[in-house]
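What follows is a single chain, given as structure tokens, in the form predicted on its own.
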């Protein structure tokens, strides 16, 4: 449990990127307006002893947020964190890709100030808007000097989540963001921050400017599906590929052969699971089982979600890490 000292004014950079939290009603549905949305800070959003500088990074719906734009966002956050002007940073973001942007920032940022992502499931044009409360909670968290120890965090619904764990679980519910199987790191309770635990793991990229290689694929395995897509990825000369396998990290026989084909062509193949909770591990010794995939050269990635693993692999390849270095990094999971 911790609180900020009442007499200390905390300087917070509010970096806006777009998303539902900035949307209004249009003629056919919700739309995002150009320019800085000053409505974000209406009312009692800013806590006492917090001074906010609003910085517009972009004004886009989150499905338009590409890995390239995420990279530029991370570089901007690093610049702000390194400047010495701010005690913390809050990023407002659309919910569809928030967890990916937050995760990329988490594995890249090195500076020791809090960086907090937040969002809204409902716009200002809808009944029961949640954005102002989420933003206030995020500002309180970013103003807390202990929060940097947690890495990048995500704050919605009065809960504080680790960027590596959090995911959007519901298409429309305001309680959508959760860390299945692991739970929040803490809570926002009125004007207090109640920290409960540290993140279970946090990966960090090696030193150097963030670079992303776009030639990294993602294939989700289903019954009778996946082998063709893996071979296609390899034939396109993708440098990396994430395979979301069944359960502990097992696949059909033809998918296993396709994985071997991709590895032989020089693709770094990483295995994650379709399951929400639990690690992939070489347990089953049959064709397509985890042991077989490891023998074929695939790298197992613990309990990391496939879409986040893809971003990590894009960064690893982009920053010229080789297969052995990537494997060593993922052993920490």
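Residue numbers count along the first chain shown, from 1. The structure presented is a predicted model; accordingly, all values stated were derived computationally and were not measured.
One more form of this protein exists, namely the form predicted in complex with aspartic acid (ASP); it is left out here, but the text below deals with it.
The candidate site formed by 20, 23 and 95 is fully in contact with aspartic acid (ASP) in the model of the complex, as each residue has a non-hydrogen atom within 4.5 angstroms of it.
Of the stretches 270 to 278, 287 to 295, 303 to 311, 56 to 64, only 56 to 64 has residues with a heavy atom within 4.5 Å of aspartic acid (ASP) in the model of the complex. In the model of the complex, aspartic acid (ASP) lies within 4.5 Å of some heavy atom of residue 120.
Taking a 4.5 Å heavy atom cutoff to aspartic acid (ASP) in the model of the complex, none of the residues in 265 to 283 make contact.
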